[in-house]
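Single chain ahead, written as structure tokens, the form predicted on its own.
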């Protein structure tokens, strides 16, 4: 079971209490801190972030744009530009192998073949001057050292597996000739080519219509169940998360503010920010009227407010929230965690 904690000891405690302890822990992130050193100051993109994921599990990382979701997983993949990015602290381990400070050879041996990523914008991720089939086949040629003929055949086979119609014909087309949904399927095919144990999907349904979103998520769920693959879903779409996630991490201003089973999160969120996110989702039934929203705007990650970063927008804040930053703490009678002084009162 994936866990998010504020310290190593509590993480160990949670893992020992997991009812999925027989599953292998694939990826562990502990106290990860990422900064960007810019001319305007130090951007505190991710602060003391910890989570882990087991085989066959889906972990969703939620939050508004700029909360640090994508940066945290780009650090896992070794894709942050350095400089200006700096991993200022923490550990990233894949099956016990430390990735922070690892050699380029070690990262190359894990990236793609063990941990793969689907990027947010498939049109930007795909090279516009090469045919789609060639780009997928290149993964097999480099990663599996296949011949050109064999790689092309595997690429066509994989395109069919992810639901691209007429794969032989489509393989000869360029990215601009694909629809948004088909481009995303092509990206999924590239990510799955080397059969990774962990798949990171960064906003995989952005800019897709609702029907295509459902198809993409169904595809990811099907492949995950077949391969016992760990799936990390980065999104701000609460509807997508509700249908697929086992556990949820909610990020705000670079920090985890709530974590726990997805069912608990949707039934009774434990942090005011989580409550605000869920209350802003339009309801099909019930009275109509003005949509709810979280007042204010997210803080600058260069100059974070003192105390709890959410307190300027929080309807429940008290004096203590203005001066002290709450730790991610276990919630009474639940397996989740919340970084709020008023969690018990809110629940």
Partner chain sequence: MTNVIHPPESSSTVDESRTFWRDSWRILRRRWLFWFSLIIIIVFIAMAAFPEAFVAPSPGPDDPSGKFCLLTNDRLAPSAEHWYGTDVQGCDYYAQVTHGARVSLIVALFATLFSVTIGILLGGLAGFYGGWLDAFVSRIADGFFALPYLVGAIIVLSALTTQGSRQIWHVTVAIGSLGWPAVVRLYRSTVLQVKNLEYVQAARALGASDGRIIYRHILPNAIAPTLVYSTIGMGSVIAVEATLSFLGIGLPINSISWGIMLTEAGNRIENTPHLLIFPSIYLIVASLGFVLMGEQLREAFDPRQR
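Numbering follows the first chain given and starts at 1. Everything numeric here is computed off the predicted structure, so don't read it as measured data.
Keep in mind that the form predicted together with its partner chain is not shown, yet the notes after this line are about it.
Taking the partner from the other structure, its partner chain in the model of the complex has a heavy atom within 4.5 Å of a heavy atom of residue 39. Using a 4.5 angstroms threshold between heavy atoms, residue 300 counts as touching its partner chain in the model of the complex. The chain is drawn here without its partner chain; in the model of the complex, the stretch among 53-61, 26-34, 316-324, 291-299 whose residues come within 4.5 Å of it by any heavy atom is 291-299.
Shown without its partner, the chain has no residue in segment 200-215 with a non-hydrogen atom within 4.5 angstroms of its partner chain in the model of the complex.
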